[in-house]
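So this one's two forms of a single chain, laid out as structure tokens and tagged structure 1 and structure 2.
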Structure 1
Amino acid sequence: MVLSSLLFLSSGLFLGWSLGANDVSNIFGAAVGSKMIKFRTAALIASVFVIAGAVFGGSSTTQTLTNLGEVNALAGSFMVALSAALGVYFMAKAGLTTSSSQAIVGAIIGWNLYADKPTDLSVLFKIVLSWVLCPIFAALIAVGLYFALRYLIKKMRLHILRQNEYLRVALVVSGALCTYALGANNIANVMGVFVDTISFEGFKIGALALGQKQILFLLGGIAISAGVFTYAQKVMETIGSHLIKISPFTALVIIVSQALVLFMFTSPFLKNLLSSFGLFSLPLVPVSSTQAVIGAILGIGLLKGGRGVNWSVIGRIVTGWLTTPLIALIVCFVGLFFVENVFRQVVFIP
């Protein structure tokens, strides 16, 4: 039973692995590429905090995905996660900006269509709105942070060496926070669809009690960590030294902006706080950390006069909003047909 559960879970773990390799690289890429932080340090911090974020903060975004479509059979969950992973793979292969958050939504809608279940359009609208808002918020936060930090650094008149060491510490701390936020926000993509279909017995170590959901998220977190350790070094070095030249200061602004955006779409506390002031309540949705990074970079680029800003990137983001879920939807629909009719597995309970 456990073995078959793990077999079905493998597609989610694979999605987690690719999240670790790509999204965590976005967080620490500039810092590792510019040799401010060693890869091993970054990987260790990322692993610990991504797992902590997933286990202790991953519930809120999972609920939104469950509201979109309550996948109710294990083989169905397997196919949903696999289609999301394949959607991400195809998009990445085509050189387009992609996100597991968008792929999983498409795959869930694919399952809804196959199982003839209704898709809650208000939830879908909230999710799509979050995709649009995510890079915009990241850009706005990055611009504000850039101004504030630049003013602070110039005001403090620190020695370059001291400034650099403070920057190194800030990169480590903000990187840790950001990976925590990534784990909390994105674990729903990796394990969310398995929450209602797989069962594990909870266990207790001292004061730490882990329920079924937490164990599931722990496994997802470990898969993300595995992605960090096995593949992220290459991606980080590419980001930091070959693809784009980002100074450690800009890297810090990008990481903090990304962390704040991820928290905004993850934290029930923040949601309640905004609601209590009668302000716009942000949906708790898994968002794309890659698009948050791109948003932050574009924000800083525009602040510097727009020189060197690659406008086609924006086109690619918007294309990603449509194509990633669409590919995942189609793959999921076709895949569910095969799993049900060829492999004789129950993919949904009517």
Structure 2
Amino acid sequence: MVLSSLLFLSSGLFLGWSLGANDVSNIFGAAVGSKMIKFRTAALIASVFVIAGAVFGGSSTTQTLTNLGEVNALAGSFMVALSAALGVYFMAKAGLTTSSSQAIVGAIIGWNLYADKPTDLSVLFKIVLSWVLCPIFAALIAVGLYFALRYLIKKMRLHILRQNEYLRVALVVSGALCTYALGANNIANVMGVFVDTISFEGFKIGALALGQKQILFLLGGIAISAGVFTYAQKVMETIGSHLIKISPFTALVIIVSQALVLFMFTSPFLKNLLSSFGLFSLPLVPVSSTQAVIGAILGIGLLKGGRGVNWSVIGRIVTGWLTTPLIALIVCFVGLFFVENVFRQVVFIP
């Protein structure tokens, strides 16, 4: 039973590996591209904190994907995760960053169509709205941070060498916080469809107790970490040096902007706080770290007149954003047919 469960879970682990190869690059790509942090250092920091974020903060966004489509059979969960993983993998192989959030949403809708289950349009609207708001917020935050940090650095009047040392430390700290936020926000993409279809016995090590859901998130976090070490460097080069010329200062602005955006869509505390004052609260949904980092980069690029932005690369990335959910939907629908009719597996329960 355990072996068969792990076999079905392999597609989720593959998706986690793809997310590590792709989305973590969004965080440290600017720092690595600016030569302030070595790739190995970035990979180690990202691995530790993305696992911590997944295990201890990953529950808040998982329910949203469950509400979008309640995948109720393990073989169905396998195909949904595999469809999303294939889309992300091929984008990463091409050296282009894409969105695992969009891929998993497309795959879930594909399952809904095949199983003749309704797609909750109100949940879908919240998710699509987050795709629009995420890069906009990132751009606005990046512009504000750019002016605020530049003013602070001028006030401190640091020597250029001391300034670079402070920037390097700030890049490490902000990158760690951002990868924690990524793990908390995006682990739902990796393991969310398995929460209701697979079971593990919880265990306790000293004062640390992990339930079924946290064990799933731990396995997903480890898979993300493996993706960072084995395949992220190529995508980091695209983000860090091919879109716009990145300075260490600009890299810091981009990472902090991304971390804040991920936090905004992950924190139940912030959502409840805004609601208590009668203000608009953002939905707790897995958002695209890809869109956040591209939004931040574009915000800085447009602030500087837009002359240094590589618009051809931006165009290819946006095309990937539009086609990824559609590709995942089609692959999932066709894949479910084969899994059910060729391999005789139950992919949905009526």
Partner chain sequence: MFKVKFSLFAHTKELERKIDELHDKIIEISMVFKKAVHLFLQEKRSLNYRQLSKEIKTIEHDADILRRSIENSLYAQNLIPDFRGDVLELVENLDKVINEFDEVAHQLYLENPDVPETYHKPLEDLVAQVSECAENLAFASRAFFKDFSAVRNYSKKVYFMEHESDKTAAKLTEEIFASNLELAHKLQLKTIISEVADIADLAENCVDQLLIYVIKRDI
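Quick note, the numbers are simply positions in structure 1, starting from 1. For clarity, a rigid core is taken as the largest C-alpha set superposing within 1.5 Å between two forms. Quick caveat, the model's predicted, so the values are computed rather than measured.
Chemist: Any idea which of the pair is the form predicted alone?
Modeler: Structure 2.
Chemist: Core aligned, does the CA of Leu282 move at least 2 Å between structure 1 and structure 2?
Modeler: No, because once the rigid core is superposed, the C-alpha of Leu282 moves less than 2 Å between structure 1 and structure 2.
Chemist: How about Leu322 - superposed on the rigid core, does its CA move between structure 1 and structure 2 by 2 Å or more?
Modeler: True for Leu322: a C-alpha shift of 2 Å or more.
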